[in-house]
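The form predicted alone is given below as one chain in structure tokens.
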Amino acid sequence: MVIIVKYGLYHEIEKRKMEFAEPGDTIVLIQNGVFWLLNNEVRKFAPEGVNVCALKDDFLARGYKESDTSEKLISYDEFIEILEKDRKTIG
């Protein structure tokens, strides 16, 4: 399953969506959702074994550098590939 997170830190709905993730699922952080990468907040809510990535353009647009995160940054094309690979999505 793909879980799309677009709202920033401490958004209760986004926390709940991440808690539904199971090992092998992918959380994709878009728009203000990239703020979950700060201080590795996303890992506090994402269960172990869940893949996490963020849209690179959204992350960079908020003034961060690629070196500011250890999570994978992806292009829009890679985002589409993730969505096509797994048809189940929570957004």
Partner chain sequence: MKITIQVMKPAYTYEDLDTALHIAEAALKRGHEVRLFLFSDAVIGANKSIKPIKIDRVIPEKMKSLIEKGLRVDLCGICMDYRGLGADHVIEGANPSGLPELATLVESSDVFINLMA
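Positions refer to the first chain, counted from 1. Owing to the predicted nature of the structure, the values given are computational and were not obtained by experimental measurement.
A second form of this protein, the form predicted in complex with the partner chain, is not displayed here; the remarks below concern that form.
The partner chain in the predicted bound form is approached by residue 62, whose closest heavy atom lies within 4.5 angstroms of it.
Contact annotation for residue 30: at least one heavy atom lies within 4.5 Å of the partner chain in the predicted bound form. Interface residue remark: residue 68 is not counted as part of the site for the partner chain in the predicted bound form, having no heavy atom within 4.5 Å. Not displayed here, the partner chain is approached by residue 83 to within 4.5 Å at the level of heavy atoms in the predicted bound form. In sequence order, 76, 77, 79, 80, 81, 83, 84, 87, 89, 91 are the residues of 73-91 having a heavy atom within 4.5 Å of the partner chain in the predicted bound form; the partner itself is omitted from this view.
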